[in-house]
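To begin, one chain is listed below as structure tokens, in the form predicted on its own.
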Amino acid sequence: MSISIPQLPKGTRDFYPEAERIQNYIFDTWRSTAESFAYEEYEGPMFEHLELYTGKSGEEIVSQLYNFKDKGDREIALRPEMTPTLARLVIQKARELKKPFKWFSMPRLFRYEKAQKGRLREFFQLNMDIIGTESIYAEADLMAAIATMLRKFGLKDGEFAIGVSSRKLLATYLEEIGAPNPALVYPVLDRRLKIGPEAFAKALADAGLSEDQVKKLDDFMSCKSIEEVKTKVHSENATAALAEIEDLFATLTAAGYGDCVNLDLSIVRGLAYYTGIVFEVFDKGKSMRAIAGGGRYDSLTEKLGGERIPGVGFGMGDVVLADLLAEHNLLPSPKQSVDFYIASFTNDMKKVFETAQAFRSASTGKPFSVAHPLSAMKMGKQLDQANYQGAKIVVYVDGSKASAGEFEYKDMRTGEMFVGNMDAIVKRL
């Protein structure tokens, strides 16, 4: 009887140590940047009550979820995004939380959709959010964090762009041209650059727009500057929305991020809960999916049954980000690297373990990484293992040239041999 080999579920990944090192590099950069901007980390459960998502996005969202009934006959779903969980956390402690506050999370998320390049069914995502203020400077803070983060990964300003639009501005323009049902129009606008001009015009016609309204809307979304937009809008609300974008750009320019942002009215974001500024981050030629995206959602907590608490945030997925960094040769080596390898000519394992522990404790900061053999083996095999594990220095616990309190050691980076005490070896590292 043959036994079938277990298969990886479609749309998921295995993280062997090499891949996990790359993943941890992404996580470490996410976390260090968020903390440098004074965001606090939070988490929530990996599954929620299904109604948390249907209450936000409607019943149609169910087809995109991994959902099931638990043993208590409760409708449950694996989380497809983090914002509803964040909203629930805020609602539960609305009166206790000192506002505004800045939080971040790096959740594992699940979406039942077609697996393809840049999009998987299981993925990780950085979420950064500011809750409790309607100020445009919250958006500025988030975009500054995004730009700083991508620079830390090694990308130059010209290699990515944060495209900025405004649902508030778009809503006022739809009013000006007399669009009959904006709620039907937003999802179409979000697909504008993906479906082609003819399909776009047809979809808008199906949503109730006339041929003249379709042309006006297409021209409006093609505007590349605030000055150009000013020639097309006339209402007081539109002027106020444009002033908000101008203030945002001026603030980011003053902070040194002016080259990282641009006006892009083709960005709509399909989710219904966005109420103001929306933004997406792309590589220079928009050759892949958005690296990150988000916006302002001032009514979400109210929609989920709580009081109205303004919020703004974004998500950055690890899949597209890793693809982009790989394209620019910016990912670190996946090979293991350890500080010391403790070797023994006589296979004195007690001395090996004792010395290894001494070297781990020799650092005043982060402990040194120390490897050693786990069974008796010839010195050639030990050096092969040291090379495989990327050891920087090999320390011999029983070298004949070392006196009491000293060790023979080899700097694997240069091939040179030395004799010295632990302080000298640590200094050499």
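Just so it is clear, the structure is predicted and the values come from calculations on it, not from any experiment. Numbering starts at 1 and follows the sequence shown.
This next part talks about the form predicted together with a small molecule, which is not shown.
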- Query: What is the one choice in Thr355, Thr83, Thr172, Thr301 with a heavy atom within 4.5 Å of the small molecule in the predicted complex?
  - Reply: Thr83
- Partner-free chain; cross-checking the small molecule in the predicted complex, the single residue of Lys286, Arg151, Arg119, Lys215 with a heavy atom within 4.5 Å is Arg119
- With the partner left out of view, is Arg111 within 4.5 angstroms of the small molecule in the predicted complex by any non-hydrogen atom? yes
- Task: Look up in the predicted complex whether Ile76 has a non-hydrogen atom within 4.5 angstroms of the small molecule, and give yes or no.
- Result: no
- Query: Is Val319 close enough to the small molecule in the predicted complex to count, meaning some heavy atom within 4.5 Å?
  - Reply: yes
- Query: Looking in the predicted complex, any heavy atom of Phe101 within 4.5 Å of the small molecule?
  - Reply: no
- Hey, of 273-281, 202-210, 216-224, 174-182, which bit sits against the small molecule in the predicted complex at 4.5 Å between non-hydrogen atoms? 273-281
